[in-house]
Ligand code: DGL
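Only one chain comes next, encoded as structure tokens, the form predicted alone.
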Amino acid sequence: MIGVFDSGHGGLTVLRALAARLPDRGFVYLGDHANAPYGERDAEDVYNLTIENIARLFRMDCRLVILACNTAAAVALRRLQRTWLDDAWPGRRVLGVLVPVVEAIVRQPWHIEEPHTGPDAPSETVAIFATRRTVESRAYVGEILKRAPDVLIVQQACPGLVDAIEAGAPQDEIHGLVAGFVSKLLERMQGVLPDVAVLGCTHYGLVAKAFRDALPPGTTLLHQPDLVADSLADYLARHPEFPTDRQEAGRLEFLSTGDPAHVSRVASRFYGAAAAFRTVS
């Protein structure tokens, strides 16, 4: 089984894309709803909660976990890979949702960290909308500019947007919030228009239309779940140590640290189908 972890419901949009792209795999989804959202939490809290929940999935025999939370991936992934993972869980792997987005922008594989030069080197203007903690981490900025120094990046934190989406706020309220964040970003860009926009939180994909309506018509919106699904398919093809298991094909489990009845009621909006959660042990 492959584990998929998020602080709340947003990662269900990634799970949906993964299950569609990899029907021969089984997935266990874990949402830390009791502590969500992570976007306004202290970085150390995010790190500790992330490794605690990854360990839960490892104890359920998941040898590979996808961090389907941009905040956790931005704040915790590199640190846990360097200082915790190999010692605590040798042979296990954790992948994040930032990598496929960075690869799409810089147009080269993640393992190539040298600047992409030449006539086809990327030089777009990229707008990144994310939680406050993801913005402050500068994870997207650092990884993109390391590989594509000619890209212009402007970030915009969107405080309160995750809460509004989770609460099922009316469309006009959501559109108002998103329009305000886009307006702030465009103001700071002083007439330069973004070529590409990254919705750097898995929740934001649910309100992509609000971003599309508020952004200039020529701006390309990257769809993170599809990028993550394609990236995982490629990773698995290159790593035979994570073979398929016929008994697990198509199997889906939904776990939560919160109230499973409440979580299940909300989950269908994110997953696009019924998702019956149970309490994680």
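Residue numbers here begin at 1 and follow the sequence given. The model shown is predicted, which means the values in this text are computed figures rather than measured ones.
Keep in mind the form predicted in complex with the named molecule is missing from the figure; the text below concerns it.
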Given that the partner is absent here, does P225 sit within 4.5 Å of the named molecule in the model of the complex, heavy atoms only? no
Contact label in the model of the complex: C201 to the named molecule, heavy atom within 4.5 Å: yes
Any non-hydrogen atom of V162 within 4.5 angstroms of the named molecule in the model of the complex: yes
Partner-facing stretch of 246 to 254, 47 to 55, 229 to 237, 32 to 40, counted where any non-hydrogen atom is within 4.5 angstroms of the named molecule in the model of the complex: 32 to 40
Within 4.5 Å of the named molecule in the model of the complex: residues from 55 to 72 (heavy atom criterion): C69, N70, T71
